[in-house]
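The chain below stands alone and is given in structure tokens; this is the form predicted on its own.
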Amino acid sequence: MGKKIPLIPRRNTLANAFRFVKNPLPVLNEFVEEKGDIFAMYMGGFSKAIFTTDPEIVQYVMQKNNRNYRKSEIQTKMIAQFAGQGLLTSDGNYWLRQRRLIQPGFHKAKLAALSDIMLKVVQESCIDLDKLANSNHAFDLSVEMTKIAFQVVARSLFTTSVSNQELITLSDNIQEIQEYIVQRLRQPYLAPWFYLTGKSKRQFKISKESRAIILRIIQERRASGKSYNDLLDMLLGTRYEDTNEGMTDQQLLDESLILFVAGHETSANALAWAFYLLCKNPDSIEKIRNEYKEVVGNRKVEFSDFPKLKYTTQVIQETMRIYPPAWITDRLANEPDDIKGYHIPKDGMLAIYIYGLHHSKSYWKNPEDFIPERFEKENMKGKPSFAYMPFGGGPRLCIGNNFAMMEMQLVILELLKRYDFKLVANQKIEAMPYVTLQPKNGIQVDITKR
């Protein structure tokens, strides 16, 4: 018979429906507090989903028995209809083939060539930040971090092949499509309204526009025969082991677009949250600056420096614990299964509540406090490996995790070297779970040159 999974009564789900649509985090946190690390609730009033914050269950689903669990249609179809069949949205044998093809391009040795591209982008972004510092006006940190992260991904992917106007178009389009997808997920009953008002049609139009920009870049690069030592070169140079053929233009387009969507959004949000937490903990800023002086000194930061910048890394790790960019993920059971005595039916949905895992009092002492030192090797001993998963886990661990860590280190180091940051007083900072975890109303800061 097995253990019974605690169920949130349908009336409780309905009573919290408005709050859930507005912001699911407080509602889910209450349910975790009430029911524990596994519970089921009705989604959309009919189908049930099993939510968990148990790292043992998560590891079983994501790693130990991952072949029995597939991504839901939310990821493989709804996002894919706009972003295509890239690593994030594909599944099964096709995903495995693509993963094996692309993985070598993200090994640390390959990333060394990208560190100079990243550094140049970050330094160029300081032109705009200097203007903001000179204006004596507050600005939204999350907006500026999105600009920087988008430029980093764009230049790492395409070097010089994309204009600033095209970058703005891509960034705006991706943001609008994301907001639409979130609204469709949380309020599925509005689908007819979106159709009648032309909102759905517009999303496909701007998706087509974005894809056309990227396809042009790919075709021009292929025709040029030139080498730029960027991610697009890496994608163009990959060959399938069985056929020795490369990817088609369509495959290159899908993988490039996924890198754009997944690559800038997560880093931008993590960076905004990092500077927010650093503003609230100025002693950590001084520790980062001192570490930078010891490791790098007055020379240019190099790829070999990043592993030595341990405290800076811990600040990023702690930021992504408190504010995990990917706050939830899901899997569907291909066949019936039993986990820790709980029965999972065929096609049953398991929602892995990453935010809840990262804030669990069972695995984190004072989980709401910002304590980067908790990620020192000694302090992490004995902790379940899946109690912390900012980049996912198992075979589908984010392929760009090392890229993202290097990018975030660079941005934090270069900006703290040049500026002092101060939070604007009396603003309400609220984490809003869209596809990624974003500051709902932004984060207003003042900066001054050092």
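In case it trips you up, residue 1 is the first one in the sequence shown, and so on. Worth saying up front: this structure is predicted, and the values here are computed from it rather than measured.
Keep in mind the form predicted together with protoporphyrin IX containing FE is missing from the figure; the text below concerns it.
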Ok, 87, 339, 218, 278: which has a heavy atom sitting within 4.5 Å of protoporphyrin IX containing FE in the model of the complex?
87
Contacting member of 388, 403, 69, 39, with respect to protoporphyrin IX containing FE in the model of the complex [4.5 Å, heavy atom]
403
Have a look at 251-259, 176-184, 301-309, 285-293 and name the one stretch with heavy atoms inside 4.5 Å of protoporphyrin IX containing FE in the model of the complex.
251-259
Answer for residue 331 alone: is it within 4.5 Å of protoporphyrin IX containing FE in the model of the complex, judged on heavy atom distances?
yes
Is residue 83 part of the interface with protoporphyrin IX containing FE in the model of the complex - any heavy atom within 4.5 Å?
no
Residue contact check: residue 95 to protoporphyrin IX containing FE in the model of the complex, 4.5 Å heavy atom:
yes
In the model of the complex, does residue 263 come within 4.5 Å of protoporphyrin IX containing FE, counting heavy atoms only?
yes
Each of 145, 158 and 411 near protoporphyrin IX containing FE in the model of the complex, meaning some heavy atom within 4.5 Å?
no
Stretch 264-284 - residues with a heavy atom within 4.5 Å of protoporphyrin IX containing FE in the model of the complex:
266, 267, 270
